[in-house]
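Okay, here we've got a single chain as structure tokens, the form predicted alone, with questions on binding and movement later.
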């Protein structure tokens, strides 16, 4: 008889694989909360299943998939070409499944009077070209930058889609998870940070504009699902090959209306119904 267990601890912690388990899920800190909730609900429905969930960042999860130490890699960015090549060299065939949507929210302190920024202004801030809030009609105060470590999928996505692959300013304070970024900004009146939409608690979301002539858009379920929020993305599970057996059952449940409802309940953005159905493993 299979053993029932759940290892799901504090957000952002990397959980030790101390207990034997059937399925391990590892990777994105953005996704870890959702992975934990999916594991918890799936095991309630399938009491013979054992699922262990840990974070560590998308890069860490991808490395674990390639090294054969996790069955499912959670990633907030697509795998890179060099990672696919490394996987091939190791005899691993990554299979990508989009499981949810996300908007990268730009966090400001609740007292910061600045309410909206363009993508170009965000690039100027995070590359160190713009350093004072007065440039946006705010007070004469230095902008304090908070960001993610370079093993984070959110770090990579923000660098690609906002910084246009330019380097982050040296003064950016890198933190180990979005929760840490939110916590820092919530305590720093002149701070700015970014991270998954599900983590914005105790901070103010900044509306983002594609350019000067665009409408400012807040990150919400409607704007991310509808594609109007400029910094939106898919969130992924990666497997070694097309999943079969219980891995297939788990991912298909996560993509089902019930699984997508669970995502919504913990503030992630469900996939459009037709996309979720298309992503089901046949």
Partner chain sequence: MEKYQFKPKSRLREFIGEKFIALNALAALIGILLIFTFIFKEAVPIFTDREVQEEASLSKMLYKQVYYEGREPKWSWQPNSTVPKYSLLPLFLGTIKAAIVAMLFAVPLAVGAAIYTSEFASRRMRELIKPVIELLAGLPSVVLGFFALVILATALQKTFGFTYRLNAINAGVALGIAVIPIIFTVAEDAMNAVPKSLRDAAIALGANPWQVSFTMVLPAALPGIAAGVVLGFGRAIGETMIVLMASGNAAIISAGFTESVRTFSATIAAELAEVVFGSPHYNVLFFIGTLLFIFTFVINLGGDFILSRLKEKLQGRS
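Residue numbers count along the first chain shown, from 1. Bear in mind that the values here come from a model prediction, so they are computed numbers and not experimental data.
Form predicted in complex with its partner chain: not shown, discussed below.
Asks: Does its partner chain come within 4.5 Å of any heavy atom of residue 166 in the predicted bound form?
Replies: Output for residue 166 is yes: heavy atoms within 4.5 Å of its partner chain.
Asks: Find out whether any non-hydrogen atom of residue 175 is located within 4.5 angstroms of its partner chain in the predicted bound form, and reply yes or no.
Replies: Residue-level check for residue 175: yes, a contact with its partner chain.
Asks: Looking in the predicted bound form, any heavy atom of residue 60 within 4.5 Å of its partner chain?
Replies: Answer yes; at least one heavy atom of residue 60 falls within 4.5 Å of its partner chain in the predicted bound form.
Asks: Would you check, heavy atoms only and a 4.5 Å threshold, whether residue 111 touches its partner chain in the predicted bound form?
Replies: Residue 111 lies outside the contact set for its partner chain.
Asks: Note which of 96, 149, 116, 135 lies within 4.5 Å of its partner chain in the predicted bound form, where distance is taken over heavy atoms; exactly one does.
Replies: Comparing distances to its partner chain in the predicted bound form, the residue within 4.5 Å is 149.
Asks: So its partner chain isn't shown here. In the predicted bound form, which residue out of 144, 207, 92, 130 has a non-hydrogen atom within 4.5 Å of it?
Replies: Answer to the contact question: 144.
Asks: Please determine, with the chain shown alone, which of 209-217, 52-60, 39-47, 247-255 has non-hydrogen atoms within 4.5 Å of its partner chain in the predicted bound form.
Replies: In the other structure, the partner sits against 52-60.
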